[in-house]
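First comes one chain, alone, set out as structure tokens in the form predicted alone.
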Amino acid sequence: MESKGKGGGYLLSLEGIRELFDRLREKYRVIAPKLKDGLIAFSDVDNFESLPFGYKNVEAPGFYSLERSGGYFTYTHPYNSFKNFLHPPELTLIKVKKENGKLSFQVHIQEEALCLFDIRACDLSALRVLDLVFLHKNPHPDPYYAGLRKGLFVVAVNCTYATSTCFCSTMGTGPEVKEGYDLLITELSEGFLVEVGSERGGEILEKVENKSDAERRHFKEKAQRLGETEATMRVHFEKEGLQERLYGRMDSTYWEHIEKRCVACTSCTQACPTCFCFDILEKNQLDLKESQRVRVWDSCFSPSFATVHRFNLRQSVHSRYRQWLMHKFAYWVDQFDCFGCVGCGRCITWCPVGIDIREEVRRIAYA
């Protein structure tokens, strides 16, 4: 398990991490975890003191709370997802204005230097999934996503703690960050091991003065901490053959039992870092001088989602739940050669009735 980043590693003190953060702030709009309304949330962060150091999120099906804890990167991931910034809940695509009898069209493609600071292994896997959806396996790459994704700088952090809803080890996405980062931080007893994953990551770290070369023992401690974290997580189901097992249960009456609990609130799809479905709306001013074409998040749990010519193809809640679960664990594999679930557990925590997708997959596929 012992590994080094592509460009070696350095040991930084807390002051070194602060200096790194400040240097990133000079160049990027930094999106990072922050305490907000009693939650740890991905937010715009302007100063190092806003990071939720010394807190730990405690999560269970339908439950979330924060506790004080020793250390710094002692939480897992924020309650919300980074997708709020790369695939915003509401995004204006085109504005049309009528002036002097003529129409003008303005296409709004944002190009902004963003930095995701403190992204965990599950979310980094979700970022790769969204890249496939919007760019790499899309015959018509999305220019709006591409504009925000283009210059994204990624500072990842290895998890040394897991909540009861985390199942990244089951999905093979964590807790160790293995790729897709510019810099990777692991909190150790002596300080912070920072590994370089890209040329621009090395360039930023080169400017940080408060650092020393990491030694072999630092990488050993990293491997030990990650091993201890993974040991606290159980494997909930086997991925091998899961897709075929689920396809074989499409007509099972089990799905109907879900309808007695699921309230189709769409909370799971909004919290999920890989759910990407959207609708396109037209917002017209009453004086007809301006119109906006807006992209908004949609959900396969919404009654209108599968409505075609006023007929809803999925009228029952259990048919919508089946669509969601099958997309994550079966259809997605056909479309993108990977699972659509990264094991972050947000859908479990934020389900108001505590439906646990790990239990449902096990019951449906292995009953």
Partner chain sequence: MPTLENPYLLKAGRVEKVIKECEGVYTFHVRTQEPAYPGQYNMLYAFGVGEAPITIASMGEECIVHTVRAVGDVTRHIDQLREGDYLYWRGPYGNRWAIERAYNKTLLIISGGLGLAATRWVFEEALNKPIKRLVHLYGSKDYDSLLYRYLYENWSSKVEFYITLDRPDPRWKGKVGLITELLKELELDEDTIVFTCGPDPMVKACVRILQEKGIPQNNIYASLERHMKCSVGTCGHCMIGPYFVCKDGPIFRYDLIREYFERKEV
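Residue numbers count along the first chain shown, from 1. Just so we're clear, the structure is a prediction, and the values are computed from it rather than from any experiment.
Another form exists, predicted in complex with the partner chain; not displayed. Remarks below refer to it.
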Open item on the list: in the predicted bound form, does each of Lys137, Leu313 and Gln323 have a heavy atom within 4.5 Å of the partner chain?
Closed with: yes
Open item on the list: Contact with the partner chain in the predicted bound form for Ser50, defined as at least one heavy atom pair within 4.5 Å: yes or no?
Closed with: no
Task: is_contact(Asn284, the partner chain) in the predicted bound form, heavy atom dist at most 4.5 Å - done: yes
Task: Non-hydrogen atom contact Pro89 with the partner chain in the predicted bound form at 4.5 angstroms - done: no
Open item on the list: Is Val96 part of the interface with the partner chain in the predicted bound form - any heavy atom within 4.5 Å?
Closed with: yes
TODO: Sort through Tyr55, Tyr64, Tyr28, Phe336 and report the residue having a heavy atom within 4.5 Å of the partner chain in the predicted bound form.
DONE: Phe336
Task: Option touching the partner chain, based on a heavy atom within 4.5 Å in the predicted bound form, out of Ala223, Cys265, Ala231, Met250 - done: Met250
Open item on the list: Given a 4.5 Å cut-off on heavy atoms, tell me which of 157-165, 187-195, 231-239, 288-296 is the interface stretch with the partner chain in the predicted bound form.
Closed with: 288-296
- [ ] Within 4.5 Å of the partner chain in the predicted bound form, which residues of 275-308 have a heavy atom? Give them in sequence order, or say none.
- [x] Phe276, Cys277, Phe278, Asp279, Ile280, Glu282, Asn284, Leu288, Lys289, Glu290, Ser291, Arg293, Arg295, Asp298, Ser304, Phe305, Ala306, Thr307, Val308
